[in-house]
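The form predicted alone is given below as one chain in structure tokens.
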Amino acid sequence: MILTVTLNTALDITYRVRALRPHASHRVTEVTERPGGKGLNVARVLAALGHRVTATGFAGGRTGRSVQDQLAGISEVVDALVPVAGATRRTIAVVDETTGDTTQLNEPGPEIAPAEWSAFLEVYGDLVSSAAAVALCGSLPPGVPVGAYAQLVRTARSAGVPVLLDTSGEPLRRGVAARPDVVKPNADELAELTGSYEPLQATRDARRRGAHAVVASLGAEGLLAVNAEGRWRAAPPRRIQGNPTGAGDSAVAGLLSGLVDLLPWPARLARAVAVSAASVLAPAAGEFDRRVYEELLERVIVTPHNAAA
């Protein structure tokens, strides 16, 4: 079982419009609702890749019930969300069908009380001992300590369970210092962490701060990975046009899938790039086009760099 943690769970709502214009009314051509937040997107992709997943985090209010109702329909995902008094947030994506661009609106999430955080820690401690790997993903809702991910990383490592961290800002800085097995920032998050805008230098810097492996998401250019064994660039064979929302979450799922399947690093990266690129063609985050994924998987370009990491 792979355990995903989404402390700031969301109900993802995606609107599609012909063309998005400021200060204008729009007729929506399609609406989709999905369980969201980065960890739940990861869980859904992992389930589609054939893995058993347990999803924990917080859920509350009417939107929280909607998230849990939809999770119940995913056969490989077990709902272990912890109830809270506040309402689960909504995230709204507006997709411009003319340009392919997406505008994202993210609510902050409910205030988490100290007793609710303590209840979560108890659930997490029970679940992590039976997990093959853990993914800690996304932003922190109000009330959760800024060092929360560092605490969760230490718990997983004490249990001997590999842990991947995907967050940003101060939670990332503190989490990296707890020595997670993998961190997966995007280029902006990596620059904020290290102060360097040169991706290779920044990934090496992040490793020195504590992460055992750093996999930087470079958007359409793919992934850059650095660990003790070396470093690699992995890129799709062609640019995929579509909605990139959730592509990074799909990459996390691919990395975790490769980890628990004991794939060597180049094969892990190929899986992550292929499923990430295939997710760009899906209607919502947490999904991917399987035909495109299978087509790309054998064609992802993984380039090793043998100099010391």
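Residue numbers run from 1 along the displayed sequence. This is a predicted model, so every value here is computed, not measured.
What follows is about the form predicted in complex with 6-O-phosphono-beta-D-tagatofuranose, which we do not show.
**Q** Considering 6-O-phosphono-beta-D-tagatofuranose in the model of the complex, which of Gln151, Asn106, Ser196, Asn227 comes within 4.5 Å of it through any heavy atom?
**A** Residue within 4.5 Å of the partner: Asn106.
**Q** If we take heavy atoms and a 4.5 Å cut-off, which stretch out of 58-66, 33-41, 269-277, 256-264 is in contact with 6-O-phosphono-beta-D-tagatofuranose in the model of the complex?
**A** Of the options, only 33-41 has residues within 4.5 Å of the partner.
**Q** Determine whether any heavy atom of Gly138 comes within 4.5 Å of a heavy atom of 6-O-phosphono-beta-D-tagatofuranose in the model of the complex, and answer yes or no.
**A** Result yes; Gly138 sits at the interface with 6-O-phosphono-beta-D-tagatofuranose in the model of the complex.
**Q** Thr245 versus 6-O-phosphono-beta-D-tagatofuranose, in the model of the complex: is there a non-hydrogen atom within 4.5 Å?
**A** Result yes; Thr245 sits at the interface with 6-O-phosphono-beta-D-tagatofuranose in the model of the complex.
**Q** Would Arg89 count as touching 6-O-phosphono-beta-D-tagatofuranose in the model of the complex under a 4.5 Å heavy atom rule?
**A** Contact check for Arg89: yes, within 4.5 Å of 6-O-phosphono-beta-D-tagatofuranose in the model of the complex.
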